[in-house]
Every structure is written in structure tokens, then in C-alpha cells.
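One chain comes next, on its own, written as C-alpha cells: the form predicted on its own.
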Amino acid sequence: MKRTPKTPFLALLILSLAWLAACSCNDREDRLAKIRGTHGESVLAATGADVIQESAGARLFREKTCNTCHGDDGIHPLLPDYPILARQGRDYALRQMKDIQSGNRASGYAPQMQAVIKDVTEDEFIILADFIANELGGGAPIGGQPDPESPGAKLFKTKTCTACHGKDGKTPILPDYPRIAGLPREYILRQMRDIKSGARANSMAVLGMQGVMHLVDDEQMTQLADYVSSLPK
């Protein structure tokens, strides 16, 4: 004779399964609520994954409003004479942020930036510098197609720019020298003029470059800026 399960047993089994499902859902909702409260809705993935992983550097870049002037990707700054930060050298980026905060670098827009980063800590500077050098901009192209026969290309060699910044403009002789390849033309031009005039004098390297820039006239600066901005970063 065929036996059928007893009704109380079935009811108990159904209740147990429902309880387990509810616990699982509640646990997931609790975790998502904590994520929302700590990091905001933007970290929740639209594809169904619980969390989009974001580095500490990326969060700081937004929280300290770096993206307002330098662009979310560090490649498209707000003004043409603002620098492209993406893939700048770590040690150089770290030094410039600290020099601007201290007032040691006070040329150009440095005073405005000083007001923004006055409360940034040493540890936060290090995190930002690592992010700028290694993550910001991803693999997006920066720079263009340099003309090796242009007046700027020839000046880049004869004015000994290669000695400190490398033949490609992105392999400097020391880690706290800038990677100048692909920087905006107007920014490059402004820095050369400020260094030549003495308005920017925040390191021994800059003071050394001042001697070189006294041998470069305004037309040559423009030619150099055209060439350097076209170098791929």
C-alpha cells in the first residue's frame, strides 16, 4: 500500500525552507545597506554584482575634488593650462602636491590649489600619488603623433631637454623629475616661462632648468611646447 507523508512533517519542512531563504535575503540586504551607508549608491553594480571595487586613491581623487579641475580621468583638465595628471611619475606628483601645500610652489594656479589641499595628510598624498602614477587614465591614449623633423623636435635635443626628461619625454633621469610627454601645450609653455622668470623655483632641479631656459627665446618655447605636447605619454 502506498504511504503518504504526514501533514505536520510537510508543514515543518516548508517553514524551515522559508526561514532559511529569509535569512539569506536579509543577510544580503544588510550587507548592501552597509555598503550604501559607507560608500554611497555608486559602488553598487548595475549588473547584479554586490560591489564595484574602487581603490582608496580613486575615492580620494573625488573626495578631495581633484577631478573638478583635472577631469575624472586625469586626461581632460578644466582649462588648457592645467596639467594632465594621468601617468605622471609618483615621486614627482608627491613632491608637487607637498610643495603646493607648503607654499614652496606658488606660481600659476598653485595658490588656488593650496586652498583645496591644505588639510590633505601625508598618507593621503602618498595614496593620491600612487593612484595618479599607476591607475589614473587607465590605458587611454595621451599625446599625438610627434613630427621628428619639426623645429621643436630638434630643439628638444639641442637644448638638452633629453638629458633630464629622456628622449621620449617620459623617462626622466630621476624619479622626482616630471614626465613631460603629452602635457597640454599651454601648460608646458606656462611652466617654461615661469621657470625662466623665476616665478617657479620650488626645487634644485627647477633652478637648474632656469639656466637652460635663459638660452631659449619665446618662439623656441612655443616650438618646444608644440612638440612635447604631441609626444605620447
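Each residue number is its position in the shown sequence, starting from 1. Note that the structure is predicted; figures quoted are calculated from it, not measured.
The form predicted in complex with a small molecule is left out here; the points below concern that form.
Participant: May I ask you to choose, among Thr171, Ser55, Ser197, Thr65, the residue with a heavy atom within 4.5 Å of the small molecule in the model of the complex?
Facilitator: Residue within 4.5 Å of the partner: Thr65.
Participant: With the small molecule left out of view, which of Ile142, Ala153, Ala110, Ala133 would have a heavy atom within 4.5 Å of it in the model of the complex?
Facilitator: Exactly one listed residue reaches within 4.5 Å, namely Ala110.
Participant: Does Val116 make contact with the small molecule in the model of the complex, using a 4.5 Å heavy atom cut-off?
Facilitator: Yes.
Participant: In the model of the complex, is there a heavy atom of the small molecule that lies within 4.5 Å of any heavy atom of Met97, even though the partner is absent here?
Facilitator: Answer yes; at least one heavy atom of Met97 falls within 4.5 Å of the small molecule in the model of the complex.
Participant: Any of the heavy atoms of Thr160 lying within 4.5 Å of the small molecule in the model of the complex?
Facilitator: Answer yes; at least one heavy atom of Thr160 falls within 4.5 Å of the small molecule in the model of the complex.
Participant: Is the gap between Pro175 and the small molecule in the model of the complex 4.5 Å or less for some heavy atom pair?
Facilitator: Output for Pro175 is no: heavy atoms all beyond 4.5 Å of the small molecule.
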